[in-house]
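You are given structure tokens for the same protein chain in two forms, set apart as structure 1 and structure 2.
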Structure 1
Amino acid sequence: MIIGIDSSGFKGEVAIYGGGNIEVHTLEYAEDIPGFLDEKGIKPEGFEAIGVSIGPGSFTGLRVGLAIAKGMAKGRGIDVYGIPTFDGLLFGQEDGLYIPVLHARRGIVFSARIKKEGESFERLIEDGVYPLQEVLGWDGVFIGNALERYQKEFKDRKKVEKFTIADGVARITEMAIRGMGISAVKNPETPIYLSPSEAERKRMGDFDILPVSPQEIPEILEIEREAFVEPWDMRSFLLVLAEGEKCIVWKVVKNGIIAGYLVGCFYGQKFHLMNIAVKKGYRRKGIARALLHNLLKYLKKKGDVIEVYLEVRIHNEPAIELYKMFGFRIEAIIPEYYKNGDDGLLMKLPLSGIQ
């Protein structure tokens, strides 16, 4: 039996391929794949090989997928094959000229222009990170999860809306075992991650992330009050600042203006993300993402933090989406966590296992 895994988007897909049959299942989180297989009575001991998409795709997703594949293979003599995401995506399609489009960031997609002929995938434009507007000018059939996200933009384009990646990943893995999957990488160490940061910087312009000083709290409080129904007061900010190295209080400065901030504290090996907000008029430009990206990079470099956790109001969709994008998952509902009676969600992101 061969297992194909794809976690290049925000969900997990697993293909179970054996005896000429293939089943594909979509799960909310890629991390659930081992538990899901176990529940179905499918044990890793019976795997011939595991295929996993290795990019392009979401940074967190790809790493989680590879970590899962390696975890299941470990100590069992099972080989892991890394399959380029777009080859997995196109494998089951008819021959033709395709433009895979996977959502990377707002207005930015992972893409390429590929001529598919049988089992050969010739790159006419290399896998990379491209502004959506540029990709819309390419000729070919569009396919991938960005179609759903940008329905208006793709309305009159040639497209394939129904697709799976794990299916192709499993089938290419099967060919690789027989020495035929030319694009497969045996036992890959790291995913192929293409950073959207350059395209991102172009979109956002220049900004800096710096520590907040006590004199800046009035400016921060203005953002806090427009962002929350139960805002922190001056004293709360001063208290976290007074904690020194136990807490992080960072601001984003754009054109000399504080556009957003983040607050969190260390509790042993855990980090509690307590507050993040972006000034109105500066939202949806990647500022919160830049703050979180920097935070996670900093915590990983520090090395001793095993988990980041936070609470968020149950209906705060922008924030929940933001956290999910970084791989946070909902652990529990906290009834009436907020003063006005709103329930809270406890969300967690383990840092160990994800390099």
Structure 2
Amino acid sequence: MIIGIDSSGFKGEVAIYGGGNIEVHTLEYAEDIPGFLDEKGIKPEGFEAIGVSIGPGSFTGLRVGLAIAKGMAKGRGIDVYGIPTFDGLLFGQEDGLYIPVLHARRGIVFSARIKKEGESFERLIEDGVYPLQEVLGWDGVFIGNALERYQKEFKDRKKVEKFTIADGVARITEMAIRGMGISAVKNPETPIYLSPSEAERKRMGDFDILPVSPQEIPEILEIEREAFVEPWDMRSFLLVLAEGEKCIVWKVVKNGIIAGYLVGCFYGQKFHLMNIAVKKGYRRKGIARALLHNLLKYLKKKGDVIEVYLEVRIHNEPAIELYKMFGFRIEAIIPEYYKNGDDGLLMKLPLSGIQ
């Protein structure tokens, strides 16, 4: 038996898949899924695997869904498979060109433009956070919970109004454990949020992300020295700035103060993310996440970058968890990568989707 869970939207869904049959139940709260299964006499000991949607979707909902899946699997030798929400949404649909739309916040949706052929999903526009008005200009069939939230805007549009996600999550999980090449993340650690939570946005308040000028390097250096054991020097920053459009050097300005920055460069079809740092007093306010979110959105729209990669100290757990949250995966350990002898981790994120 395979269980599929979706908690990316307004309610919770659970699919029970076994013996060629599948049944899907919608619950008011995703937290009720374990109790619901128990009431039906369905025990975790009988699960072959658990599939769960890992994003995009509700910040809180995704965390709850993954926690439920991990809780039921813990200590029982059951694998959890993280399935991209949009793949689960579209799996049971006919072949065609689709625009999944999930409500994110007022006037903003999680969306993509996806060509479905059989059991494959080609991202023509990558999963991301987009203004609703921009998405309404895309060509395709709309599907997702934003249709309910924005009925007026989607009136007279081509759309699919009846759909489930947990059904597709369960079926994709079944294919993944059979080794059939379906995209999935085995035993995921964090969901793919794509957007800061509402609480984080409130803490952050108003800020701007802008290019750094040479005159601002001394202020950037102060943050660099606060944040890193082996900080860059003035020359290193100036060399990157001198590369022009080959590199990105962005700052976050909040209340007239540079609160953080990001540095990275293009190498062919790959982008090397070299540095993200946040000023003391502005940490844990979602600034690093905002920088990373805006970078990935920019690279996806640019269209010619297929992968982002970075190196991070093996002991820098906050940074590693941040990168995992956005879908980066550890590719290798680099022995003694840093001057002080610390090992580094090579992490990569393919922009063509989760593989």
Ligand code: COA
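Please read all numbers here as calculations on a predicted model, not as lab measurements. Only the largest set of C-alpha atoms that superpose within 1.5 Å between the two forms is called the rigid core. Residue numbering: sequential along structure 1, first residue numbered 1.
Trainee: With each form of the chain shown alone, which structure should be assigned as the form predicted in complex with this ligand?
Mentor: Pick structure 1; the other is not the form predicted in complex with this ligand.
Trainee: For a quick test of reading the superposition: does I68 move by 2 Å or more at the CA between structure 1 and structure 2, rigid core aligned?
Mentor: Comparing the forms between structure 1 and structure 2, which are aligned on their rigid core, I68 does not shift its C-alpha by 2 Å or more.
Trainee: My question is whether D139 is one of the residues whose C-alpha shifts by 2 Å or more between structure 1 and structure 2, given a fit on the rigid core.
Mentor: Not so; D139 is displaced by less than 2 Å.
Trainee: Core-aligned, does T26 move its Cα 2 Å or more between structure 1 and structure 2?
Mentor: No, the C-alpha position differs by under 2 Å between structure 1 and structure 2.
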